[in-house]
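One chain comes next, on its own, written as structure tokens: the form predicted alone.
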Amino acid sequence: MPEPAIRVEKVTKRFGDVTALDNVSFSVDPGELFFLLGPSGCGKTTMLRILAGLETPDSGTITFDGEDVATRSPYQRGAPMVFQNYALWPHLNVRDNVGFGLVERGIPRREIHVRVDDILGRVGLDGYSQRLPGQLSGGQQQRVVLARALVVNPSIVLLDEPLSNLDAKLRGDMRTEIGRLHEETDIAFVYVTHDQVEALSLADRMVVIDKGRLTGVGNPSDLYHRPPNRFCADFLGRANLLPATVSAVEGASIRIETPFGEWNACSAPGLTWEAGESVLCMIRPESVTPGDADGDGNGFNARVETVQLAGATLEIALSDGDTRCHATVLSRYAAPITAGQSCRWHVLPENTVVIKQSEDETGL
């Protein structure tokens, strides 16, 4: 196995009485697009600043390519940082902003010219080299920042919510651009965001952080479809969370008693369950489907409380007495569904996920 590009072991950071990071450990592989995801104030930016050398942990170790970087300055770590506020020199044109790091490293002028031209072409800024930052759009300025980070040929790039200042369309365009640039390199990208869409659409792997603690580690599909705990389930998109009790466990198959009846379910790998245990049953709204499942699904009857058109989908609120849940179905192909209607619904067992009831049980 190759040495991780980054290894973080038992890092703790406190600011007075506030514990920003609590015994955090993870690793990032070479060439991996790795996300630190969580709500505002969870500690993700503090972790990125520690990686960059802008903050010092109270305890724990950090290595880059197997070498301890605790005593290295930000410059010596060779991990450029892409800030959300661009941090471009306003009096320098695009070429000089991008080439600034090469000048500081003493690279010959001719090589600087070649490398800057190459990276400007790769980020789609051919013909913009003489413009000042104030003459560029927000998306173009962010491309300059990315070019400035990539032109020094680093093995690690750190990104601090780089798309937060862009409008929705530009964010989508830049997500695609960052994904393309990453695929063309063998650089490890560590990307901080609170935006679940960015993380789920781009990440090779990610960690989910809450109150300074890691609550989930894995690839986006696993964490979304089979989260290990309540926080991951609730933070990564919408989730129906129903109280349930484990009635039987047979290998990977779990039988649970829910307010809608007895169902078959599954869970994230590595978690153990006991008969009689109180748990939560998580179902994503898009997994709730109208009609019967020919005996293969967990069926239930429910009344339609509300139906809202959300463009491509219908957002439907369902209830069965005191129990409520939500369904998301395609609006174009759905049979007519109206408020007040009572009908049959189902969820497949592989989309019926048992998670720990307590938010303190991380499953890690």
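Residue indices: 1-based, along the sequence shown. Values in this document were obtained by computation on a predicted structure and should not be read as measured data.
Another form exists, predicted together with a small molecule; not displayed. Remarks below refer to it.
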(request) Find the only residue in Glu177, Glu161, Asp96, Asp222 having a heavy atom within 4.5 Å of the small molecule in the predicted complex. (result) Glu161
(request) Go through Cys42, Ile316, Ala302, Val28 and name the one with a heavy atom inside 4.5 Å of the small molecule in the predicted complex. (result) Cys42
(message) Partner absent here, but in the predicted complex, which of 65 to 73, 304 to 312, 317 to 325, 45 to 53 has residues with a heavy atom within 4.5 Å of the small molecule?
(response) 45 to 53
(message) Residue-level contact is defined here as any heavy atom of the residue lying within 4.5 Å of the small molecule in the predicted complex; does Cys343 satisfy this criterion?
(response) no
(request) State yes or no: in the predicted complex, is some non-hydrogen atom of Val24 no more than 4.5 angstroms from a non-hydrogen atom of the small molecule? (result) no
(request) Could you confirm whether Ala20 comes within 4.5 Å of the small molecule in the predicted complex, counting heavy atoms only? (result) yes
